[in-house]
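Consider the single chain below, provided in structure tokens and representing the form predicted on its own.
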Amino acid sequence: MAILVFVVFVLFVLAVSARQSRKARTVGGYFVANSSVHWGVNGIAFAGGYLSVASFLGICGLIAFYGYDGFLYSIGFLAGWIVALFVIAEPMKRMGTFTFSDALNKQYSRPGIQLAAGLSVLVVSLFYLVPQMVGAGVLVEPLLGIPHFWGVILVGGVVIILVASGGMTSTTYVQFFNGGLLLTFAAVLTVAVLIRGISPGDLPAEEGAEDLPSYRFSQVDADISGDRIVPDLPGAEVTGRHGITDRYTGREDLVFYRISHLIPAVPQGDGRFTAQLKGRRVVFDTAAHTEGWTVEEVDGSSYIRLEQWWRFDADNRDLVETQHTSELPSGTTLINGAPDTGDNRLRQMGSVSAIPDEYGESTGPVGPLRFLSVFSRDETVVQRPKQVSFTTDASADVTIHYQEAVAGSMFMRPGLMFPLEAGEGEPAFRTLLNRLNFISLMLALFLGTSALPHILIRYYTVPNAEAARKSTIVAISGIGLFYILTMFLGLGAVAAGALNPETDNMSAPLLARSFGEVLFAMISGIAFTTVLATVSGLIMAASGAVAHDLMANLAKRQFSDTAKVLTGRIVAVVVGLIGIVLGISFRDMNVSFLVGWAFAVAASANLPSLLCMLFWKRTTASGIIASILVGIIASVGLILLSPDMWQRYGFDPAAAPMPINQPGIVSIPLSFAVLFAVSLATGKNRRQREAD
């Protein structure tokens, strides 16, 4: 079913592209759909292009893993449209024709502005493109059963065909189609979540058609004497230990034990055995290899001996089951101690393990406010997935996925993702940095929306300024409704135990699958069109920047309309290929987190020049050029020096030159300051020359 829906959606998108391609032969038709799109259609297309995979997959995942802190992304994404409505919409339509640089350059006619603005559009588009391609691979991997990189390649190929052939007209109708479906099915899924309610003892089955019962991670007693621990497991031996020491208090707050123990096995002949490993039927083949596991005979019965990691619960003085992956020095990958085969995968995690007593075993169907109220109670206990990675003494790289019990009242207030209060022994400056990181993110989201190139170009597809304002109001209505629904989708995913421990990006599709394959197929298909809608808009923006802004200025001559359209198509292919490569490289990062960086770059590079050009008469062309270039260099440079990127380089994130991940709080004011300073300096020189 899921594959059928996926194929239907792809064919529909390609059919739209083929039908609209005849309208994309002129410059106006290819880049701005001849400015003939109705404001209602454009408003829904706004929503379809803006409600990217970061909104649908990323925010739902962040809410499921971090509670209220994840919802702050929704608030920031929506708040940015206030700036777009009251400041940007009508002036952009009045002052531009094809691209963002048209508006900036209308009063100055300086090639340097077009070059700087075109470069900015390219950089922002690539930053925004990466999370969309990451989300594409995350979606297609479970949908079609193919590796992540093939999913990215498949989606990239479809988008390249879509944009290169149909231009802005086909992009508009794909975004309109996506926006309508996304709002409809998000509402349907939210209603389903509220009807199901919260049932701690009755999690839905995993993986749809396989009807795999949700797994309960067990706790086992342990005989503890000093540093010695003996688990209550068959044939158990402790073979390793790893403690996580708090950097400020020096205490071991988290301790894991590697325990070798036996699980019953059933001989299948030819050296093959089957065993139940965390509720899955896993095949062990001695003819292939036995690295990491062995077969033992005890009292005439067969057993598999595995080494698995357990977390020590200091409060209850027992051991709690975890999941883990291990990369051995030989290159062998183990999942939960067994070989990495198609039938051995990590189980879903997360749940609500307790609710207030007055609800008994289940809340039953609840209204929206009651649903949020139950989650917010002290008596509610949320099991949220967490992970930790380390290297053992034997040089094996281990990643452990475990569950942390959090009171509902803590889950539904700020602090899990953006700590605003100092922990025990934590220096005051760390708390200050956490708060600055949060303020920086909100600043980027609020100011970045109206500076995103694929949003700005939509204002040129309507016939006049009034239509631009009306389409913005429609967009805000649709986007606002969707972001309210993300709260219920994220919380519904954790209540259903539908969280993939390796990536929070799959929370919404896995929630849909807990209701059956049909809804999973529809949600996955819609999420796929969401990728297509956003990526096509980004590539269109990049294509227009190169063909309309950069090409003529770099070559210092004018090109025919046919050449510009041809260049736009070529750029669409090149940018699409770059997006594919980057999407594969950043697979393991949350897509909403990556989009936050794109907003920061847009707010730093584009918004200061746009606002000052509209509202400060002393703005000069040199000030605009300097502001754009400084905004790009500062924001991108600080991102490359941030803790998260430092960790990707293999360094200690605490030693990163930029102490916070979000650059906006530095790069946005810096860009404004440069614009003011350069404009005042060059404006004074200009007035002196005029006086002479």
Partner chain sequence: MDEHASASHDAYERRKMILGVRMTLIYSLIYTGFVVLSVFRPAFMGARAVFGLNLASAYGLGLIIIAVGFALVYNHWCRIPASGSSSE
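Keep in mind the model is a prediction, meaning the values are calculated, not measured. Positions refer to the first chain, counted from 1.
Unshown form predicted together with its partner chain; subsequent notes refer to it.
*Asks:* So which of 253-261, 117-125, 364-372, 384-392 is the stretch with heavy atoms within 4.5 Å of its partner chain in the predicted complex?
*Replies:* That would be 364-372.
*Asks:* Just one of 334, 580, 189, 442 has a heavy atom within 4.5 angstroms of its partner chain in the predicted complex, so which one?
*Replies:* After the contact test, the surviving option is 442.
*Asks:* With its partner chain left out of view, which of 413, 110, 569, 241 would have a heavy atom within 4.5 Å of it in the predicted complex?
*Replies:* It is 413.
*Asks:* Taking 4.5 angstroms as the cut-off for heavy atoms, does residue 345 touch its partner chain in the predicted complex?
*Replies:* Judged by the heavy-atom cut-off of 4.5 Å, residue 345 is well away from its partner chain in the predicted complex.
*Asks:* Tell me, yes or no, whether residue 76 is in contact with its partner chain in the predicted complex, where a contact means a heavy atom of each within 4.5 Å.
*Replies:* Contact check for residue 76: yes, within 4.5 Å of its partner chain in the predicted complex.
*Asks:* Even though the partner isn't displayed, in the predicted complex is residue 232 close enough to its partner chain, meaning a heavy atom within 4.5 Å?
*Replies:* Outside the cut-off, so no.
*Asks:* If you check in the predicted complex, is residue 421 within 4.5 Å of its partner chain, heavy atoms only?
*Replies:* Yes - in the predicted complex, heavy atoms of residue 421 and its partner chain come within 4.5 Å of each other.
*Asks:* Using a 4.5 Å heavy atom cutoff, which residues in 598-616 contact its partner chain in the predicted complex? It's fine if the answer is none.
*Replies:* 614, 615 sit within 4.5 Å of the partner.
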